[in-house]
Every structure is written in C-alpha cells, then in structure tokens.
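Below, in structure tokens: the form predicted on its own, a single chain.
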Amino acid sequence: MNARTIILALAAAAVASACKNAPAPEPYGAIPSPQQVEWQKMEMNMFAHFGPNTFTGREWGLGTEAEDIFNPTDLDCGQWASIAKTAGFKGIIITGKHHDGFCLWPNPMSTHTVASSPWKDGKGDVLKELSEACAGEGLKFGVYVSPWDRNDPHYGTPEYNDVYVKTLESVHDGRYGEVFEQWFDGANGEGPNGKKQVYDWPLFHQTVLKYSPDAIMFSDVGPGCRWVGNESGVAGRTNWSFLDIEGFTPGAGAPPTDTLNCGNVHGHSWIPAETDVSIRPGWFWRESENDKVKSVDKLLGIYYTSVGRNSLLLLNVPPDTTGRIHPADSARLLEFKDALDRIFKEDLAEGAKATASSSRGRNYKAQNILNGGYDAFWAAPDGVCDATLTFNLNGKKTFNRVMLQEYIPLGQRVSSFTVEAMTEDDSWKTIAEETTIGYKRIVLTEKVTTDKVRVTVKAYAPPVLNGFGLFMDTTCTVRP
C-alpha cells in the first residue's frame, strides 16, 4: 500500500468515525423541562368536576350554598381511579376548590369545607381518598384550586392573597403525596363584599414550586402548560409549544384565544397546550345530561384534534351525587378506549425500512424513527433545514392515519410537512400537507394503499424526528 492510499484510507476512517460520533444537534429555541416532557407523554388525563354544584345543578356556585348540601351517598374514588386506569388515562385532576370557595378537603383557612358538611360527619377528605386511589392504580394526582372565592370574606382585600397561599400550602405540603399538576383558573369575579381581587401570581407560583417543584402549573400563560383557548376539544391545526408571556396574565390579561390555540412560532417560553373539554355539555354532573354524553365518534374526533395536534387531552368526567362516575359516562369511556385500541393496535409501518435525504451520522440514522425508542432519533446535519424521509413498507399497506413525532427535548422545529404515497404507476401522490408536528401529530387522510411513503419536512433548524406510524381507523367518521 503506497502513502497516498494510506492517507486516503485514514481520511475515510476519520470521516466515518466523525459521522458515527457526531454530536447531537444543539437545542433550538425554548425547550421543555424534563417534567414537561414526561407530562406530554401522559397524553390523556381525566378531569373531575365535583362539589356543591354537583348537587345544585349550577356551573358556577354562588358561594352562599349551605355546607350540608354536599353529602354524596356512596363516594368511591377507587371507582374513579379504576375507570380512569382502564380507559387509558394517566392521571386525575380534581376541582378541590371551585369559584364557590367550597373545599373538598378540611382547609384550615376556611369553614366552607367538607369539615362542615354532614358527609362522614365532617371527618371526610375527598383529596385524601382520591390521592390514595390514584396511587393504588398507578395514576398521578393533580388538583384545581380556583383563586376566585365567592365565599371568603377576605376576597377583594390584600389579606386574601395570604389566605390563598396558605390554602395552596395545605394541598401541597405532602399530605396528599406528589401533585403532578396544579390547575390555576384565571377567573376573577366579585367576592361576598362585591370586590375583585388583585392576584399575586408570582407569590402563588413560588408557593407551589416550594412544595411541589416538579408540578406542572396550568394557566393561560403557564408557566407549565397553557389553556388551548376553547373548551370544545380543538387545538390549533398549527400548534407551537412556544408562547410569549411577557405583559400577559391569566384570565382577563391573557393572550388572545387564537394565540393560545396556536402558540407563537418564535415564542420565548416553552408552554405547551392542554385541551380541556367535558364528556358532557356541562362541567358538573346533571341528571338531565345523562343521555347527552359525547359519542365515541365525537371523542375520537377530539382525540385527533388534541393529542393528534401536539396537545394533552384533559377530559372531564364528572361524578354524580352518589360520588361515583355515572354508568353512562363509564360505559362511553370504555367504548372510547376500545376504539383507540383497535385503531392503534397495529402499526402498519412496522417492518419498514427508512432512508433520509441526509443524516447527521450513524447515531442519528433514519431507521431510529421506526424502532429506536423515544430517545433515539433521526437528525439532519447542521445547516440542513429541509429534508425528505422515505419509508419502504413491508408490502402493500392500507391506512388513513399518519403519525409523526419530533424529539421535543431538543425543541420544536418543523414548520411544515408533506406526506406522499407511491402510486401504481410509480409516481408520488400528495396525501397530506400540514404545518407543525411537535410531540405528536396524527394526520387524517383518505384511505391509501401503497408500499412506500415519503415525508418532506421544512424546519427552522435541522429537523429531529423520533416517531412515524401508519394506522387504519374504520370507526371515526369525523373529519376535523
């Protein structure tokens, strides 16, 4: 071997080594905390609106309801948790205190609580029972504590912020275990003295962080996750997890609803959308709505416009006056779960071979998208923001759902993408054109039969993808 051959061989080896050991891409823009990543992976959680409104039929209580109105005859949080687990939810968030001020735990800062009710002779604690039931089912426990209080005489005065802080402390001090999400409603109406409160949001956030540093805090402006801008179950077709929050506050001072729905393309904070919607027309149980529970078809449509659009689905399932989830709701949840299982049981991309127009190196090859696990991903080289991925399927497959995922620990990058299928005459046919991907994007297409799929992405930084799947849905007729 002559010197030139040796030099060329060494150079080739060096290039191969460099490609194999290429560093991961630099993060792009704001990135999620580890807790936000794990929160997004939950995908679906249950909301439980429960309290005096359950017994009065109101959506917003007046704060003047007598405590003895709260008296569930057969409260069974174990039933809630069992149904939630079976239905595929990963956590439950309960309305520990709604706007009426009534507390489902013996809050030492109030007399308007379960301790003053006849339920369990004033010795009951719904938060305790639910947190223990969640732990028993392997679910996470979260709580909604409204800052608006139509009962507390301090509301509308500087003293109330301290009262509310102590209320938060009594939830987060460890007696209920780990709280994975603190739900802050921005509602700010009048209290019993006719005055409105000036909320000390920094103080409220600091209090939660002190006791529950890993909790995701929800509000119109986060800081952990944001309201999606509607209560109909629809995240934006374009949905960035970025949001600009400077100058905004929860409630009346929130960003416009279309901004909450879509995020900000170059926003400075990572605040992903949470899509809250009720399985019934109202948020609290009413007997008159027992025959108005959303259909499986409607729930699947909501799944596609929430989880399938880079959002987490928070589905409200309100317990009834017995303290149990009504059979109409539980039956529908199980039908919904069966439908999801049928749709996503078989990934028609399994066994496919993936290639890319360019790759960062062996550690970031295209095949990682298919079978590398969550933390294995394909990445384009530095400076390459547009790329094409081709998936040679294991024979002809028929599908109408295309799933894509970005590796969000490194940020959200893709601004648009196109999906094409190979036709019988070996030409490419466009079957979908969309914008953002984020944690997960599920695209609804017409029924397609092909043995090859091509995805072209355009991004603001080298794209990084870690998931692709093809599925067939013969159940849902809704086209979001």
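Numbering starts at 1 and runs along the sequence shown. Keep in mind it's a predicted model, so treat the numbers as computed, not measured.
Omitted here: the form predicted in complex with a small molecule. The next part is about that form.
- Exactly one listed residue, out of Phe50, Trp39, Phe70, Phe47, brings a non-hydrogen atom to within 4.5 Å of the small molecule in the predicted bound form: Phe47.
- Between the small molecule and the residues Tyr176, Phe242, Phe248, Tyr144, the one pair within 4.5 Å by heavy atoms in the predicted bound form involves Tyr144.
- Note on the interface: of 232 to 240, 82 to 90, 276 to 284, 121 to 129, the segment with non-hydrogen atoms within 4.5 angstroms of the small molecule in the predicted bound form is 276 to 284.
- In the predicted bound form, no heavy atom of Lys294 sits within 4.5 Å of the small molecule.
- Though the partner is left out of this view, Ala331 does not reach within 4.5 Å of the small molecule in the predicted bound form, counting heavy atoms only.
- Proximity of Trp201 to the small molecule in the predicted bound form falls outside the 4.5 Å heavy atom cutoff.
- Remark: Asp185 counts among the residues lining the small molecule in the predicted bound form, judged by a heavy atom distance of 4.5 Å or less.
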